[in-house]
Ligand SMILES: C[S@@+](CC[C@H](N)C(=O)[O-])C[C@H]1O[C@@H](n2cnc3c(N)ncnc32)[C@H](O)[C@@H]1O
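Okay, here we've got a single chain as structure tokens, the form predicted alone, with questions on binding and movement later.
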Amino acid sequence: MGDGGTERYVRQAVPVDPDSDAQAAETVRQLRALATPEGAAALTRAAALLDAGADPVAGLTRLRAEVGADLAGPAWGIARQRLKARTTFGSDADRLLFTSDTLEQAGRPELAARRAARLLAGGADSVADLGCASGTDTIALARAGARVLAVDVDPVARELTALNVEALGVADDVWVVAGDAVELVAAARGGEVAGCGAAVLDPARRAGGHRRLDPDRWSPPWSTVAALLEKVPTSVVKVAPGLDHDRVPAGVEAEWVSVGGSIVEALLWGPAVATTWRRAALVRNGVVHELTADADPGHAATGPVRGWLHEPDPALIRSGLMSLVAADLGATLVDGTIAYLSSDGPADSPWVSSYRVDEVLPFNLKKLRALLRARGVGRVVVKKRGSPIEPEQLARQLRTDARGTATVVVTRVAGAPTVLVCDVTA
């Protein structure tokens, strides 16, 4: 990314909605006010009130009296977002600025650092962050040693990014500019976009509070995603975890990452970064476990329910690599359409959670109640796959005064609705 060269690649977005522009301008004004010493003091006071458990109405009223109406509302809103962000961003949360939308879009910093390290491992030193939102990816890239061009059409996103990189001490390596990812990718040449040798893209996949399931309706749309991966080989794109595998271009690596049993991101790695066909990754106790395949390993075999049931990690399921773990465990699927495995023994594997199978019976609420009563079970955790039942409702229906516990799994076995009663304790 050449010094002073950004004007050749980036141009100011043209306003199209006066009301939206006025709202964005007001938000930018508020953010700049919070960046002043007076604004910082208002944020500190708002955080103290929230930490003390102040009632929202009373707390905001008190804050207005102390710092003035102009600062109180914005400070209260940002302080609330910081409070939510602490579990994810730790001590950085109290220096960062988020709106509710950008906090929802922001990824975990440890995963952003992992992405940045991998993207830069081949020697790229300049990265275009196409759609910088609040700048969390920009910060991770700068901390990893890159010079970053942070691009967004949204003036609020640009202001958040500029303030956040300054707050975390990486502003010297970041240029925040207005630009449209669609236009920049269309103009990409020679493996570069906006003068940078690498790129990160995180398309917006929500609108009006609803998820956009169709990749062609993302912003920017799928056509831009595919073009970036083709034109800029050193690139990574965040995509929806449910992306159809048929969408993944040839030569691109698809990866699914889970934390705490939930998929937190899905990634497409450009050809210069890709090292395999599919990758599953899970983070447990700070350790990253990975499983890869250079080609489709096919489906796991099916078989009867045996002594142990294994619930695969969702990243393993979405990556299509479950047959690899099944082979390692000597396990089979209980049904060809259901992601439960079964084997003769427990599994020492990060990729599955294991349950001892105590009873197997056709799904029948009356018979299930009678069985649990006979086993002295009064509290259950209900899991389900391939069944329309509501786990919380069924758990309430099965609750009694008995002291025993169990895990009840409602699923299909060889196509038939079935209940597996697991891990019974008296």
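Residue indices: 1-based, along the sequence shown. Computed from a prediction, not measured in an experiment: that's the story for all the values here.
The following text describes the form predicted together with the named molecule, which does not appear among the structures shown.
When the named molecule is considered in the predicted bound form, P74 lies well away from it, no heavy atom lying within 4.5 Å. In the predicted bound form, none of the heavy atoms of E192 sits within 4.5 Å of a heavy atom of the named molecule. The closest heavy atom approach of G270 to the named molecule in the predicted bound form falls outside 4.5 Å.
Though the partner is left out of this view, D180 does reach within 4.5 Å of the named molecule in the predicted bound form, counting heavy atoms only.
For the candidate set L341, A280, C132, L149, a heavy atom within 4.5 Å of the named molecule in the predicted bound form is found for exactly one residue, namely C132. This chain lacks the partner; the member of S349, T99, T332, S219 within 4.5 angstroms of the named molecule in the predicted bound form by a non-hydrogen atom is S219. Only one of 163-171, 296-304, 195-203, 227-235 lies within 4.5 Å of the named molecule in the predicted bound form by heavy atoms, and it is 195-203.
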